[in-house]
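As structure tokens, the next two blocks hold two forms of the same chain, structure 1 and structure 2.
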Structure 1
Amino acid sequence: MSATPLVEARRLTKTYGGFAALDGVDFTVMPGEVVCLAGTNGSGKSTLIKCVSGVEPIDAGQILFSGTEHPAITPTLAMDEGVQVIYQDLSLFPDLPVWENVCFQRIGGEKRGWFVKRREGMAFATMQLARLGVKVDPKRRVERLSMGERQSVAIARALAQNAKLVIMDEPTTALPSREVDALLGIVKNLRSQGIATIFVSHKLDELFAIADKITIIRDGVKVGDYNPADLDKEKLGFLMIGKKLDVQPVDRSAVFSGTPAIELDNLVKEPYYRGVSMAVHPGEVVGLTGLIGSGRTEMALSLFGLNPPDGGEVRRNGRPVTVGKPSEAIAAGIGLVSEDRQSQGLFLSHPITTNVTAAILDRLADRFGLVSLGRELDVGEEWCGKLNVRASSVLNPAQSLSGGNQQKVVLAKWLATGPDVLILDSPTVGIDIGSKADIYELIKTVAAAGKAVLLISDEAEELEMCANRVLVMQSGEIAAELAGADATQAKILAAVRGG
């Protein structure tokens, strides 16, 4: 290609306290190109984005915008050159209407007058949204929009600031699959208007669906630029982690019978779900999927005592139990690794050991209610060892860990309670494929130890890998059960979409 690249990074190097987060990385984005960045957590993807958008100064190398070199890149300069980053939290104002979010730069920026020109602003916002092929009422407040619509608003805001390159950092993590398709459509629309995209995602399917080019980074070094047509998932995975992943899919021929470890009989909680009956046997992994809002998370919370059901019965080993609060769930041998590990699963500022032992304080304490530090450390170290948590000290705060290791700490917290029933709600969201493989192995080990596992997930691949059978929920009811040879990715996806 002879055209001038929109962004060109040459021999980019960035070190933090002696460690090279980026080591001599070359990177180019052509106008209108969709570049996918692939790499495990900590490989340097985020650092690269920060350098290109001027958030982090670079130590060596050059970054050229449209062929021009700049002595130093600041966020303002990057924005003037048309580089817009859409972070995971989207940085929108939830209380303000869509149009004010889209043109807030104009409202608060240089072109401001004494009064906000409402009609002009709304027309402008509608136009930007139309460029994405999205229809959202510009008067609606952002907090009332779905996650996908919010994302559109954030992208429209980037366009309103004359974006030539939109950088999306894991934009699909929080999106249900229907909205993911819509987002990929938006990226294609941008491409047709000559606007380039850097797209970061842990979901490999998405990369193959839209990438013009896949740039792989490992340990701060570029592995290479690849044409997606030359790669398949296995090869991409291999290039990302530098070794072959060896996860065996679950044995589908196993038959589970006898008394279920947990059994739901006609469980109801309006308006979330109704008539839910299912059973999970010891040693079995049952997958549960469905769109967000299908009632699966609400049902999981009911089993854990956080959303007590209106009617129906829950039986543990054949005996009816009522779980009115989480401490009763723990007493009944039920553990829940909840959906949002950062806010629900962890005490981020507390040491790893404290997190691991949080649910078993009563058991660690002596008869005066005292927990000795040595005891706590022993338990923390034992579980970090078993689950292969990578940390330099178990006294480090949980927030210092990477996503995959944080999730292992949450798993350790629940495994330490010795549950018979373990409910996992989206356990691998936002986790790279290396750590994912660890967690899949762990799920199998836990099941092999005779525990009943209920695995809630959006990812059909994950369910195919781990679950003995898969239940699909739709608008609060169990719509399908896929077992044996039927539990394939394609059939799961079709059932989720109401096929």
Structure 2
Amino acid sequence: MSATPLVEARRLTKTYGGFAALDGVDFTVMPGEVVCLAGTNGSGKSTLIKCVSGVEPIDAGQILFSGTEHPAITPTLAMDEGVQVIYQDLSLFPDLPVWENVCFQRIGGEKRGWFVKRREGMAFATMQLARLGVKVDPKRRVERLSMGERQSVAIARALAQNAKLVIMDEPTTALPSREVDALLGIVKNLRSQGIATIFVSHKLDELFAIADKITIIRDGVKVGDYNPADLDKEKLGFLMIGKKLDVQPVDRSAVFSGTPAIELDNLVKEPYYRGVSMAVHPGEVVGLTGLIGSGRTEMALSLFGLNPPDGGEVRRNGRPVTVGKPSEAIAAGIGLVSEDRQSQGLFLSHPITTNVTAAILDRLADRFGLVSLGRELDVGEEWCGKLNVRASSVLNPAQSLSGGNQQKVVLAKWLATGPDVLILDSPTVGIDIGSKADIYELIKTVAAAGKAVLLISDEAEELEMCANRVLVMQSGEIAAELAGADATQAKILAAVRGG
């Protein structure tokens, strides 16, 4: 391995409105090295990536590429130096075929007159995909690919632009476990070709699986560089948040009886799910998991009136209810925290307090239908205080918050409606371990108050920590139920995979 770093940042400093997002950070990436960036939401990881890739100018310090300092880093310069960033949205063209996406930056060189040389382009794209060890039909349109296949196309496009360093920001957030394993294999493949990777993830298992070095940033300051062999989850978590987490698992020996808070009897919605029968009692947390496409989210949407079932019955406290639209679900005491908080759960440009009160405006309105700003502020401050939302003012826009605090605002919105049944669809996706611990404790608090909680999650560890029992969906049906001592990570994963 070359002794000269591929990328070296010295005393990097970046401020926003007087707040130091990065404060004197030193950072290096060697050729072929896999560096995992670890830190809580708002720690400075994304700012570091933006500075290295030229998206944000630095206020002080130096950035060197292969030992050479440049007076200013621009996106074009960074790409010329081999830096390629793959963001969560992938920035692909869904209506174009794979080969055109891979060859997009080279398309000018693939033309003859006004015509693109299709055969050469497909051969070139196939070669780049082969470098990753994956097979994807270059003629297929991107919109028809799985999320994992799209990730592969985005990485192949980076290789097509002579990437020396591939930066992946939260690349596994929307991937099922099988495709996560495939992506980690691609990262290892890149390393074998001498291509470096900066990998950002809140899933600690992934960091330990692929990292040559873990760089930890906390509150804009570099904590240190660590050999993964010298860390475990507990040590890494302590270094990331500066304190020890003490989250106790739920008591799975608890027995719940009596009339369920919500009960499903042979619920059907083709082609998503069929014959689903289940019950959740007051004070109980029932976990629901399954591979993407198993029907779990579609079933949750049906309970909130966004995907009305074709048949079967929903009962609340033993009585049949109709939930053909969200207003009927809210009236029935059902709340839903959707899996995509940014597009489905929040009005990002609006104040925090507006988001908190969005579902209860009718309760805050006076007899003329007007809502007092003072009353709205009181409610926003009350719930932000209860959920420990970290913001200087509830009048700040929701987009100014970290991912964990945004999720707390979504939870506050639905808890403010006073639901008896709370459906949580992937409530900790994309948030750090500190915020996860806060949400785990919140789930327990909600259940202890007598609410019924349906927790949908991909993470077996999360289900083992929070759920009294776990249901597994496969191909639109409930395929397994795990309770008590059987609701372990290993058995949950085995059931999900059909074992």
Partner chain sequence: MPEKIQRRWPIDMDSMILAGILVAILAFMGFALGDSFFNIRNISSMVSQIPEFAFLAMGMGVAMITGGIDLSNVAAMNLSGIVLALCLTSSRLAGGVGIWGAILIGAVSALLVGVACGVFNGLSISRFGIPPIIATLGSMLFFSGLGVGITNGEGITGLPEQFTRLINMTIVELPPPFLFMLAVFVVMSILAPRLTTGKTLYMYGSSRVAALFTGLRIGKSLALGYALSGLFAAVSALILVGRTNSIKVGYGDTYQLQAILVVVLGGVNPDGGKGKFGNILVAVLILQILQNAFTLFMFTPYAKKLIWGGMLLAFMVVRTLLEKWSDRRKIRARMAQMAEGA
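Here the structure is a predicted model, which means the values were calculated and not measured. Rigid core: the largest C-alpha set superposing within 1.5 Å between the two forms. One-based numbering along structure 1's sequence throughout.
Exercise. Between structure 1 and structure 2, which should be identified as the form predicted alone?
Worked result: Answer 2, the form predicted alone.
For this session: Note yes or no: does the Cα of residue 366 move by 2 Å or more between structures 1 and 2 after the core is superposed?
Result: True for residue 366: a C-alpha shift of 2 Å or more.
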